[in-house]
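Here you get one chain, nothing else, as structure tokens; it is the form predicted alone.
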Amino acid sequence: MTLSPSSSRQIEILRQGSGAYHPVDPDGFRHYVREHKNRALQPRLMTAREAVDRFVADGDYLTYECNYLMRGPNAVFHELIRQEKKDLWIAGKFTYVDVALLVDAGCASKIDCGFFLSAPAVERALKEGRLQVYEYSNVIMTLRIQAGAMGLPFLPVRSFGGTTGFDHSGAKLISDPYTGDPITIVPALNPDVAIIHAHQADIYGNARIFGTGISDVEAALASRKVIVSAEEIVDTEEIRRNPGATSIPYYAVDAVVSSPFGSYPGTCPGYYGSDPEGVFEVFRAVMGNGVPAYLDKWVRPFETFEDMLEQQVGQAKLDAMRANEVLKEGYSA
């Protein structure tokens, strides 16, 4: 075995981006979790209205899993807009139309960009000074959340340093104290709120997510407040029957929202397919100047997401969406 000689190399910042970033405070996050997270097995079931009112404040940093078109927490999205939350800082990763909806609704003023559609609403807000965007990538945003879940202040990454996005981010290029080579580090992310849509959850917050995902578990463990919406509320004895199927443990969760078809018009894989007509409509709204009209049709007239599904979509279409989801193997415990 060859041992590496000890070295007196010092860490040096070689270059750094100019973008603002959510404050990095891993010890402060640990203190918050210790003082505020309820570890008692107590019911956390509530409505989307109650969850947003209690756990989302103006100015919060918000991340979500997945997006408006694929297992998105759309019932909670609608409630954010309905309650007119303001000045949110959004983790815009692996997403399409979500950012434009929140920006044009007046909910978001800062975006960390992994990927989202550069829609007219976003471009207009940038030109008017109502929106600031900081550049990363889908991978980098996910790694920042992973760092937050690990309790670290940053993570080294082997990408992004040679991109123009680096200049508009909070990343730094440093000299590696072990090799002396340059390496990029990115700041950890501990969001104020994570909103996650799951396939199943019990009333205490134990949540099951089947199939592929991005950073559901990491987002839950990295965030101060966690809202889980779920297609099904299952009995806790079912959770105990197969504990290995639990993706997110109850003690990370603050609120559980029962939300059947909660990803409409998108898909919840294994449970139902998307509504092509609804998907096309939101794309047309976002890529044109139709977001206000879209919100006036699909969000603002209704007291709840369930009211919208009943009055605007109808049970026949929901049944058809469920019938159209043919890939169901592996989407159960």
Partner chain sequence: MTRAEAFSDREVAMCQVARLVENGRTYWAAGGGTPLYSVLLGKKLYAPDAQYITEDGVIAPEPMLPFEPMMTMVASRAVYRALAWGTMNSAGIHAQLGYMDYGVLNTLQVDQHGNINSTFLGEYGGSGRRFGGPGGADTIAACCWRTILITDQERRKFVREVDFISSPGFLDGTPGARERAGLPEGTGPWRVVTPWAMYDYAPRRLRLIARVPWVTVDEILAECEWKPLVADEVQVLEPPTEEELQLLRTELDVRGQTTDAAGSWITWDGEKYIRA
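These figures come from a predicted structure and were not determined experimentally. Residue numbers count along the first chain shown, from 1.
From this point on, the text means the form predicted in complex with the partner chain, which you will not see here.
Checked against the partner chain in the model of the complex, the candidates M46, V56, L69, M308 yield a single residue with a heavy atom inside 4.5 Å, and that residue is L69. This chain is drawn without the partner chain; in the model of the complex, the residue among P177, P249, G165, G106 with a heavy atom within 4.5 Å of it is G165. In the model of the complex, G270 approaches the partner chain with a heavy atom inside 4.5 Å. In the model of the complex, the partner chain sits within 4.5 Å of a heavy atom belonging to Y136. Remark: T212 counts among the residues lining the partner chain in the model of the complex, judged by a heavy atom distance of 4.5 Å or less. Put simply, R241 is far from the partner chain in the model of the complex: not one heavy atom of it is within 4.5 Å. Only one of 79-87, 186-194, 110-118, 254-262 lies within 4.5 Å of the partner chain in the model of the complex by heavy atoms, and it is 110-118. Residues Q16, Y61 and G314 are none of them found to lie within 4.5 Å of the partner chain in the model of the complex, as judged by heavy atom distances. If you take 277-304 and check each residue for a heavy atom within 4.5 Å of the partner chain in the model of the complex, you get V279, F280, F283, in sequence order.
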